[in-house]
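Laid out below as structure tokens are two forms of one and the same protein chain, each shown alone and named structure 1 and structure 2.
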Structure 1
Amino acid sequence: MSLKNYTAKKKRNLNYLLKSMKEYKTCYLFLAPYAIVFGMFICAPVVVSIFYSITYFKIFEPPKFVGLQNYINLILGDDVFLTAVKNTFIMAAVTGPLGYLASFLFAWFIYELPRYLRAFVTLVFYAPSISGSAFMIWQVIFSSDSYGYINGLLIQLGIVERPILWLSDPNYMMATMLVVILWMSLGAGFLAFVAGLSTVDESLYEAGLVDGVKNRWQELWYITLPSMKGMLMFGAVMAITQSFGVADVTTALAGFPSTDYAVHTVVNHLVDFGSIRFEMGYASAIATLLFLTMILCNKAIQKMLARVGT
């Protein structure tokens, strides 16, 4: 395509956009508040973070351009960051898919309950994931003394002789965190799946019986999943965001920093440099790499979900 044709095409697209905005100006007017807030608090911080990632910027000093030096230092000179990347990918690879699958299965099972019981069970299942006392409960369960529920049970059964340091021994910390993170990842995705299941047209199941659908698993694959692709995508985005954004759980249970950085994550590293050391340029480089990784994972998930029901 020549430059002249490319310019003409761009001009036609711009004219079409302006004409469309004029025709649907009322719709754009209603969208404006959200668009302004989204631009100010989502898009603008991302752009600013990318800019600061190529600078040396202490919070009380003007930024100095350093090019890709922050990224070079991260990848080639920061062993703690590489450890954090490894820990984050382990947590994401285990809790992301398992949490996504478990959220859907629980939502599917609960949706099969009678209507009057379904709302109550949904509330009971979802409420603990938003409770502020969740960390306190897990601290008691995995307490490092004999009064902890897990240690007390193991000692009582004769499996161990002394308490296991679940939250401070590097040999056990990762497994402990995976259990807690997996449990806490069942919140928003589960609720989205319950909502998605309620939007499936019941007449499709009747049509499926006529077309040869023989059991509930075929109904799930050929009718239910294709009918709720939007909620499946939302649940996937939430699962990816939660699995790559782990920080509060490890800080609350294992301390900051954790022993030998055994459960130190990328977000923990970001908080360290951004909120404690105030090296905002370096922290912005960490945030940019994390952002790009999450975007690539979302693209891969979109391609996988596009095949559902085909």
Structure 2
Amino acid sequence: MSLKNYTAKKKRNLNYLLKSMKEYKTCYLFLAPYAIVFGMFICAPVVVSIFYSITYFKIFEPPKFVGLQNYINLILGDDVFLTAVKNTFIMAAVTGPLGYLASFLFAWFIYELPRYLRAFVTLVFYAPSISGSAFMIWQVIFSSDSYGYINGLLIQLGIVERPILWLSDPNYMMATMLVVILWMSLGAGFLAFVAGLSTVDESLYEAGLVDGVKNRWQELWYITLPSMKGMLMFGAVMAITQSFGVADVTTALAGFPSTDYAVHTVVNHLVDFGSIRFEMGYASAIATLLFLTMILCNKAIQKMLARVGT
């Protein structure tokens, strides 16, 4: 292989690329409006914040390059961050898979209902996501005095003598948060599943029937799931995004910072540095680490979903 050969090949490749780009001219026209806006308001900020993660940047002064110092400080010198990582992993490991499963199962159960009931039941299950800050109601339910619903009930039944501090006793805080997060987990993924189920080709079910599908569970595994792989992927990405991004709930219910940092999450930590202390470089480093973790999870799930229906 001489150098001349190599450049000739490269040139041919480039020519080929240009030719096929010309061939798909209309495609680029169709994509351009979205691509431009996306580049400006989604991509650029992400790139900028990854860049900030290797700088010392305090909003009012220009950023100073510090290499990997932010990351080193995070991992070696920030105990609270390590607590936050642990908490976030617990939350993600429990609410991610469970929330995903619940989203799909409820969507599918609803699809099994008679048509006139579906819209209403979908609304009932989607209610926690649509009603904004409605999760504040959990504060009443888990209230730490005997007037809280759960404590009142437990005392009446004689199970406990003194009210349990659900929202400020580190022994119970995590469990309480998990319940609330799961309750909120029927979000974007759930709706996408409801819509996705409604586009599965009906004739496939009839064909399946002829081919010997015996019950609804077989129908689910061999026909429904494979025909909505795209939606399953969407739901998975949403589940990852939601379960790693917990922050508002812990702040609203357990306070900020929570007792002993028992439910302090990575995003809580990020908000602390980004919006309260204005250490943008450090906050960006936290965001970048979180982001990388989520991408790895996503890759793993993609591999798992490839096996659906086989």
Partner chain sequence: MAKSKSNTSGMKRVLQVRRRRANRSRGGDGFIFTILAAFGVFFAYPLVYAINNAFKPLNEIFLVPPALFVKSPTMNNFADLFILMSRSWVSFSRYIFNTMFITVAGTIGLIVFASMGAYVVSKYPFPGSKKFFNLVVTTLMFTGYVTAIPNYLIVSGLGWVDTYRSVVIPAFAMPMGFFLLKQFIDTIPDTLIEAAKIDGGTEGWIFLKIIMPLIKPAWLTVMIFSIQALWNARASNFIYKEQLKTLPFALGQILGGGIARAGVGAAVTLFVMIVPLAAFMVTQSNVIATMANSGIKE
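Every residue number counts along structure 1's sequence, beginning with 1. C-alpha atoms forming the largest set that superposes within 1.5 Å between two forms make up the rigid core. Predicted model, so just to flag it, every value in this text is computed and none were measured.
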Check your understanding: Just one question: which structure is the form predicted on its own?
Key -> 1
Exercise for review: Determine whether the C-alpha of Val47 shifts by 2 Å or more between structure 1 and structure 2 once the rigid core is superposed.
Suggested key: no
Check your understanding: Taking the rigid core as the reference frame, is the Cα of Ile276 displaced by 2 Å or more between structure 1 and structure 2?
Key -> no
Review point. With both forms fit on the core, is the shift of the CA atom of Phe256 between structure 1 and structure 2 2 Å or larger?
Key: no
Exercise for review: Align on the rigid core first, then pass along the CA displacement of Leu18 between structure 1 and structure 2 in angstrom.
Suggested key: 4.6
Review point. With both forms put on the same core, how far apart in Å are the CA positions of Tyr28 between structure 1 and structure 2?
Key: 3.4
